[in-house]
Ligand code: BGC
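Single chain ahead, by itself, as C-alpha cells, in the form predicted alone.
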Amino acid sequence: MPMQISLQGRRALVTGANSGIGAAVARALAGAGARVCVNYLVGPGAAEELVASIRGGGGEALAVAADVSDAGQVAGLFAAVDRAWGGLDVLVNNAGVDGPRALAWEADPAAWERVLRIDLVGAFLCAREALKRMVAQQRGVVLNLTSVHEKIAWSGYSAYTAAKAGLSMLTKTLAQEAAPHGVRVLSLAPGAIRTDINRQVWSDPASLSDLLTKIPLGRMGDPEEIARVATFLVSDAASYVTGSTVYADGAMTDYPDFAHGG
C-alpha cells in the first residue's frame, strides 16, 4: 500500500513561522491539508504575507503575535487558536535564537539566559499548553526543532547548545509522559541550513568552504528539506515514532570537531 502524507483537517501551530525553516514548515503543513497558525514576534508583514500565500493556495491560516518566552503571551496564543479552530492537533516548536557569540567567561549572563528563555523555556511553555489539549483529546503531536548542536559542542554558543541539549531531554521526558494518552513528542535536528540568519556564513566563500568540509553530503540543506521531514514526522505515516531525535544534517553529526568551527 503506497504511503500517503495527509494532514487534512489537522490544526497546527508553528512558532517563529514568519521566516526561514518555520515559514517552510508552515507552507508544507498547509500543503498537506493542515490549518496553520503562523506565530511570530517581529516581522508582522512577513507573517501576513505567508498567511495570504497559504490562503491563496486554498489553505486556511492565521497569524498570531506572541513571545514564546512569556507564559501569559503563550496562553493568549493558544487561546487564539482555540477561538479559531476549537483546539490543536500539531505543535511545531521552531522559535529560537543562537544569541551573541561569547566564550563562557566573557558572556553576559542576561544575554545567555535570554537564549534559554526562548529556545528551552519557550518550547516547554508551548508544549505545556499543547499537551493540555492533546492529552484531553487523546491524540496529537509535538515536534521540537532542536539542532545538531544538541549533540555537537559549539564554542562561543554555550547557551544555544545547552538549550538544544536540554530540549532533547525534555522531548524524551514529555514523550514518556504523553505516550499513554496517544500523544507523540519528538525532535527534529537540522544541520547547516541555508537561511537568512546564517547568510554571513554561506555568502562568504571562505566560510562556506570551511563549513562544507564538515558535511559529508558536501552542501548545506534548504529549509524545504527540513519542512518535508517535519511534515512526515507529524503525520500518521510516522505514528510509531516518538521520544527520539531525527537528524536532517547531511551527516554533520559524524564530525564532532565542528566545535572548532563557527
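Predicted model, so just to flag it, every value in this text is computed and none were measured. Start at 1 and count along the sequence shown; that's the residue number.
Below: the form predicted together with this ligand, not depicted.
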Stretch from 153 to 161, 106 to 114, 171 to 179, 122 to 130 whose residues place a heavy atom within 4.5 Å of this ligand in the predicted complex: 153 to 161
Non-hydrogen atom within 4.5 Å of this ligand in the predicted complex for each of N18, G22 and S53: no
Close approach of R184 to this ligand in the predicted complex, 4.5 Å, heavy atom: no
N94 within 4.5 Å of this ligand in the predicted complex, heavy atoms: no
Touches this ligand in the predicted complex: V42 (any heavy atom, 4.5 Å): no
Close approach of S207 to this ligand in the predicted complex, 4.5 Å, heavy atom: no
Residue (of M134, V148, V74, L188) lying close to this ligand in the predicted complex, criterion heavy atoms within 4.5 Å: V148
Contact assignment for this ligand in the predicted complex, among A192, L143, I118, V81, heavy atom within 4.5 Å: A192
Residues within stretch 88 to 115 having a non-hydrogen atom within 4.5 Å of this ligand in the predicted complex: D98
